[in-house]
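Only one chain comes next, encoded as structure tokens, the form predicted on its own.
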Amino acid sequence: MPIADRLTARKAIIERVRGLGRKVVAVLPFHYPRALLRAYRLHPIEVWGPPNVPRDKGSQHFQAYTCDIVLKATSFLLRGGMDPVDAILVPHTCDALQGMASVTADFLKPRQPVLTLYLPRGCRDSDRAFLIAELRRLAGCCAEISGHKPNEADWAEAFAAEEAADRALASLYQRRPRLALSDRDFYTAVRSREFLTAEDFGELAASLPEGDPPADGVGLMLSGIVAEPLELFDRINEMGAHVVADDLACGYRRVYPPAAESDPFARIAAQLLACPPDPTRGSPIEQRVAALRSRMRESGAQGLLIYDVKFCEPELFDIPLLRKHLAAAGLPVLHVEFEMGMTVSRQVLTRIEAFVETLQ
């Protein structure tokens, strides 16, 4: 049975978590404090577009060079897609999302409060102190929405649940070579973390069958913000290639390590700052190159496919240096831009297919 057929619909999940006494927050990409939301009796449902929503209403409020994630998420909001949620959280992942937060809160003014989280662009002591202060500010907003202030037991339960789900995600990546899953099913499972409860995600991850993966051929590492639509994985397999590793914002970039700080806000900050290097956090290019090179070697990836949402500036800034340093290490790189939709364009597929042929 395809993994997608085993997943509960988002509307049903919203009803379920409300039955558990939690309110629901729509969360834009992509780093945010899950344990904090849970401690304050909130449940996140992430919004990555969605790809099937027209960008027309969003286009009325932003420049033509704004990425599809912002345009489509704004359209989704204006079309009533976020009506079931109690709040909207927009992390400062990039200037476009910061702009969305400002436009939404100051001009569109939905009935739900619009929350923000400003993420530092470094890992210095000052960055950590800033992030802790930001998390405390966000916590105050969450308390107003839920009417609940967590005690020690609430924090302990939240960390236990969310860190178990983090370990389950990390385990999925470790077990990938032994899972009898297509690329599409694997990433459907990975991305179910975007809306399932921590417990349900852990159960799903533990239930995935082991055996020989059905895909073989040229191994690719996939990088970028989001791999939409999931049809992409089917088309890559048809070309005689498969995805053996990723550096996706919706995937491996959110493999968070555990932290041991006693203060809950310091603990969350430590986890968020210790995740894999990525351009939205201002990670030095040397760190990104070293991490990508290491994971490509370990996974057997023969090339890096940067599958980039059109106009994604944080990704674009790093690409010239990534291409230069990885090519020097004998690791080919292809960068393609795409517009988010229900299918992958023929032009994009042709470029990927030509890249795969050079690696065979």
Partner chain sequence: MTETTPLSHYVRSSRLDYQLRYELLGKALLRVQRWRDQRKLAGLRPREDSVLNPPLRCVAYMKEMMSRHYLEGRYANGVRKVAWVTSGAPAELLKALDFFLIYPENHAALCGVRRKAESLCEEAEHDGYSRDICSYGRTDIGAMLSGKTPAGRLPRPDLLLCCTNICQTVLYWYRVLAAHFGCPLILIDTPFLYHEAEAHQVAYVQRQLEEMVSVAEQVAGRSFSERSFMQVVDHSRRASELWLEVLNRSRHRPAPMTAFDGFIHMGPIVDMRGDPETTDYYERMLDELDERIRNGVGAIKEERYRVLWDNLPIWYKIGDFSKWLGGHGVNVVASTYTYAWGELSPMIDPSKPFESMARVYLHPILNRSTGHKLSSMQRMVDEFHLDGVILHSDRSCKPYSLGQIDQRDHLVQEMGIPALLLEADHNDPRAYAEEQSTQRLEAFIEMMEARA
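In this text, all values refer to a predicted model and were calculated from it rather than measured experimentally. Numbering follows the first chain given and starts at 1.
As for the form predicted in complex with its partner chain, it is not shown, yet the points below apply to it.
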(message) Suppose contact means a heavy atom within 4.5 Å; in the predicted complex, does that hold for all of 4, 41 and 209 with its partner chain?
(response) no
(message) How about residue 134 - does it come within 4.5 Å of its partner chain in the predicted complex, if we only consider non-hydrogen atoms?
(response) yes
(request) Indicate whether its partner chain has at least one heavy atom within 4.5 Å of a heavy atom of residue 224 in the predicted complex. (result) no
(request) Please check if residue 216 has a heavy atom lying within 4.5 Å of any heavy atom of its partner chain in the predicted complex. (result) no
(request) Flag residue 120 as yes or no: does it have a non-hydrogen atom within 4.5 angstroms of any non-hydrogen atom of its partner chain in the predicted complex? (result) yes
(message) Partner absent here, but in the predicted complex, which of 110-118, 225-233, 171-179, 243-251 has residues with a heavy atom within 4.5 Å of its partner chain?
(response) 110-118
(request) Identify which of 82, 96, 272, 266 has a heavy atom within 4.5 Å of its partner chain in the predicted complex; exactly one of them does. (result) 96
(message) Looking at 146, 197, 75, 283 here, can you tell me which has any non-hydrogen atom within 4.5 angstroms of its partner chain in the predicted complex?
(response) 283
(message) Suppose contact means any heavy atom within 4.5 Å; which members of 300-316 contact its partner chain in the predicted complex?
(response) 310, 311, 313, 314, 316
